[in-house]
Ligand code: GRF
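Taking the form predicted alone, here's one chain by itself in structure tokens.
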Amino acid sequence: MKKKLRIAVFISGTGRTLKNIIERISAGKVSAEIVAVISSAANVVGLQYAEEESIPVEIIERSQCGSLKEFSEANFNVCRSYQADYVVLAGYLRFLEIPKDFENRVLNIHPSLIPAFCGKGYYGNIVHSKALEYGVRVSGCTVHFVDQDYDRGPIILQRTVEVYEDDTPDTLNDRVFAAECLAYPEALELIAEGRVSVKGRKVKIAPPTTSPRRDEIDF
């Protein structure tokens, strides 16, 4: 049975992924409610989208906390206080230790086909620059659960994009982000439908219980 997810969204920058999720929820494409937006800094541009939608905002800066454990607990205590079912990292650039009660409940999207061009220090156009330098023919994005290492958790789904000979990091970024705008909402909706399960490193996507309407197919 489909469930309306209570999600906390973490941001560190422009908030364009947050904006996309808000729009998809408003359009009825994702069965979710954003119960809080947590930012790693107070001057983050993306906070405007939370303010426009009257979504509660919490600012938790790394410098406020003495250790990584304290920083992580401060963030997840906020999630607990808002009774968030899942945490959605949306351009969030701080490392977090995932507590046991949030295992397989924290999602991230990475702008490459993991395990390629991922790990510590791989974010934004750095990823696309490395992909172009390597000469790949396809790139894409990966939605995955977050574990205790960078970009290593179980993969939920991936979308691919073609790489062109005249691509720059910016042009490739634009096409990959367009894929992200489809992939992240799709993953969230699969979870809301109760179709996602995890066993070890493998994510199983159960088939839909009913055939989707034509207007529900395109995310």
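Residue indices: 1-based, along the sequence shown. This structure is a prediction, so every number in the text was calculated from the model and none was measured.
As for the form predicted together with the named molecule, it is not shown, yet the points below apply to it.
- Contact check for residue 90: a non-hydrogen atom falls within 4.5 Å of the named molecule in the predicted bound form.
- The named molecule in the predicted bound form is approached by residue 109, whose closest heavy atom lies within 4.5 angstroms of it.
- Although the partner is absent from this view, residue 16 contacts the named molecule in the predicted bound form, with a non-hydrogen atom inside 4.5 angstroms.
- With the partner omitted here, the stretch from 131 to 139, 113 to 121, 71 to 79, 90 to 98 that lies within 4.5 Å of the named molecule by heavy atoms in the predicted bound form is 90 to 98.
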